[in-house]
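This document starts with two versions of one protein chain, written out as structure tokens and named structure 1 and structure 2.
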Structure 1
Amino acid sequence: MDDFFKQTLLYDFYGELLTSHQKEIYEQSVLEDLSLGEIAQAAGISRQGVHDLVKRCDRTLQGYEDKLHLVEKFLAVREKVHRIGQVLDRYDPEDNSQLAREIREIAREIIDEL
């Protein structure tokens, strides 16, 4: 898993446990990919301060995952739900029976939920 994808997932799951100040800086740095300088200037803190805050948030978020494993669990579930679609495809990718449509629809709803 690349770092950005991992950071995004961890933030999706546990970001609400950060303070609003941490969230603001973390979003600017990681999700919006602003430079340390831009963020530092807007927030009135040093570039080093921004850098340290982001690293600390990474450790905090990873700490939640180390304890709760909820990202790991949801990735495993998502992979299995994808496999339901693949099983249907393998039997008949053109299958338009009501059964296949209903199962595909539920699988899609689950993926949207995750």
Structure 2
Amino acid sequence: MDDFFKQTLLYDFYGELLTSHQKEIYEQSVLEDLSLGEIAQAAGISRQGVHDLVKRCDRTLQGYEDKLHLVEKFLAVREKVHRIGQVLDRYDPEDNSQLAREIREIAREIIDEL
């Protein structure tokens, strides 16, 4: 998973746990892709301060994931739903018993994941 995708998922799941100041700076840096200088000037802090805050937010968000595993579970469930779609693509109206077994097995995996 690339860094941007990972950062956005972590922020989507845990961003509300950051302070409003942290959210504002993190969004400007990661989501809006503003430079450290642009953010620092708008926030009235140093570029180093912006950099440190973004890194601290990254560590905080990753810490939440290490404890709660919500992103990991989301990605696992998403992959299983994708597998269901692949099984349904092989649908044969003459023999749907195998299809039903495969879907039930994937559904069981999803339930176990949650």
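Take the two forms, superpose them, and find the largest set of C-alpha atoms that agree within 1.5 Å; that set is the rigid core. For numbering, take structure 1's sequence and count from 1. These numbers were taken from a predicted model, which means no experiment stands behind them.
Student: Between structure 1 and structure 2, which should be identified as the form predicted in complex with another copy of the chain?
Tutor: The chain shown as structure 1 is the form predicted in complex with another copy of the chain.
Student: Using a rigid core superposition, assess whether H21 undergoes a CA shift of 2 Å or more between structures 1 and 2.
Tutor: No, H21 moves less than 2 Å.
Student: Comparing between structures 1 and 2 on the rigid core: C-alpha of I103 shifted by 2 Å or more?
Tutor: True for I103: a C-alpha shift of 2 Å or more.
Student: How much does the C-alpha of R90 shift between structures 1 and 2, in angstrom, given a rigid core superposition?
Tutor: The shift comes out to 2.8 Å.
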